[in-house]
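Starting off, we have a lone chain in the form predicted on its own, written out as structure tokens.
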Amino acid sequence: MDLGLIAQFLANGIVLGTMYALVAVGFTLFFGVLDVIKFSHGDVLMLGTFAGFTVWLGLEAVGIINPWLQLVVVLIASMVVTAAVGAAIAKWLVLPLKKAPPLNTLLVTLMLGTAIREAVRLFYPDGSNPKAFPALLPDASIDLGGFALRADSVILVVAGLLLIAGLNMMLNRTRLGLAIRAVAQDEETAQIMGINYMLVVLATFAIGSGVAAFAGVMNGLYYNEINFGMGLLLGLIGFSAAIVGGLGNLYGAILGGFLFAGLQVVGSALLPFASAYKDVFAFAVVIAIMAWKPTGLIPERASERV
């Protein structure tokens, strides 16, 4: 295998890893604050991506064709819609089940995800077929000795990493971040200290969902296609990444996202005759890692949640 091909695999892995890390961060935030697994996360992400796609169709219809302006509006629309849906789920589904067995919340969010997915398939115009997502980023590339470095991939990775860095800074350097971490460690003491518990929970679910929406748009820009089932696989991979990294640990979620992407790339390289099995290879390795490290690669500590 030549160096150019290896570099291409590496570049693909970095893009995918950034995408998966953004999804995994949401699972970590939800679990850190409320100890819940929100299995509708991937489908909410898909819903936000379709909302952004719909906004793009509207911009095209009114004659706004500047790709950078379109990209900004699509991202804002997607993240706002997804954040609002995430906060609504927290308020009207997750919080009312707070005292119920964890399995109840898991099943309710799983069923909600199925309902969202089927609603898009049935009620969105021609929703059962894939949609061609617009190429809003530059398509130029630089040839580096057999390796084509795509401008859109560089922009996506830089933007995704900046978003992750911003989220980390928010959690560690702002009053909202301090409140989120306080609730994650001890919600009763946090409320006694005057922290608005409801506001923190809603903000956490909105932030986690909004960040995932960025990953959904990123997925559409990278593959130039979206479909009603995209959230199912992205959600499963994001959850697996959060688990293998250490559920409840932000850095573990990021590590898990890049690890899963790396495993997919290795699977593609080792199984060139059957690259369709790269997901099978990645999940098999993740299962082996979980058997070896049941608490994840970076185990959560009660004093460092989220």
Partner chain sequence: MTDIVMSPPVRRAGWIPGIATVAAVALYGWAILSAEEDWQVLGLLALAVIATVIGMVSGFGRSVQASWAAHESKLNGAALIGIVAVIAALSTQHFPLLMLSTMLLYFTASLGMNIQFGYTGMVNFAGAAFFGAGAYTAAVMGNVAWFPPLLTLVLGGVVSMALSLVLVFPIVRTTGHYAAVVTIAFGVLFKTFLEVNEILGGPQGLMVSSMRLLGWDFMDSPQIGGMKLSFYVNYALLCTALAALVFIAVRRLERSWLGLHMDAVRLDETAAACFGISVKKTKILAFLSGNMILGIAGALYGMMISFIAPSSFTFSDSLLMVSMVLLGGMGSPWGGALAAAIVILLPEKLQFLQEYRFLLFSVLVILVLLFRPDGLLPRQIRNYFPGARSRQ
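From a predicted model like this one, the values you see are computed outputs, not experimental measurements. Positions refer to the first chain, counted from 1.
FYI, the form predicted together with the partner chain isn't displayed, but the following is about it.
(Q) Contact check in the model of the complex: 31, 276 and 295 versus the partner chain, with a cutoff of 4.5 Å between any heavy atoms. Do all three pass? (A) Every listed residue reaches the partner chain in the model of the complex, so yes.
**Q.** Candidate from 148, 132, 110, 72 lying within 4.5 Å of the partner chain in the model of the complex - any heavy atom
**A.** By the 4.5 Å criterion, the partner-contacting residue is 110.
Q: Have a look at 47, 265, 243, 259 for me and say which one sits with a heavy atom within 4.5 Å of the partner chain in the model of the complex.
A: Exactly one listed residue reaches within 4.5 Å, namely 243.
**Q.** Region of this chain that lies against the partner chain in the model of the complex, out of 277-285, 48-56, 251-259, 64-72 [heavy atom, 4.5 Å]
**A.** Careful reading of the contacts points to 277-285.
Q) Would residue 141 show up as a contact with the partner chain in the model of the complex if we use heavy atoms at 4.5 Å? A) No, no contact at 4.5 Å.
Q | Partner contact for residue 121 in the model of the complex: the partner chain, 4.5 angstroms, heavy atom | A | Heavy-atom contact with the partner chain at 4.5 Å: present for residue 121.
Q) Just to confirm, residue 60 within 4.5 Å of the partner chain in the model of the complex by heavy atoms? A) No, residue 60 is distant from the partner.
Q) Heavy atoms within 4.5 Å of the partner chain in the model of the complex: does residue 10 have any? A) No, residue 10 is distant from the partner.
Q. Out of 209-245, which residues reach within 4.5 Å of the partner chain in the model of the complex, heavy atoms considered?
A. Going through 209-245 in order - heavy atoms within 4.5 Å of the partner chain in the model of the complex - the hits are 232, 236, 239, 240, 243.
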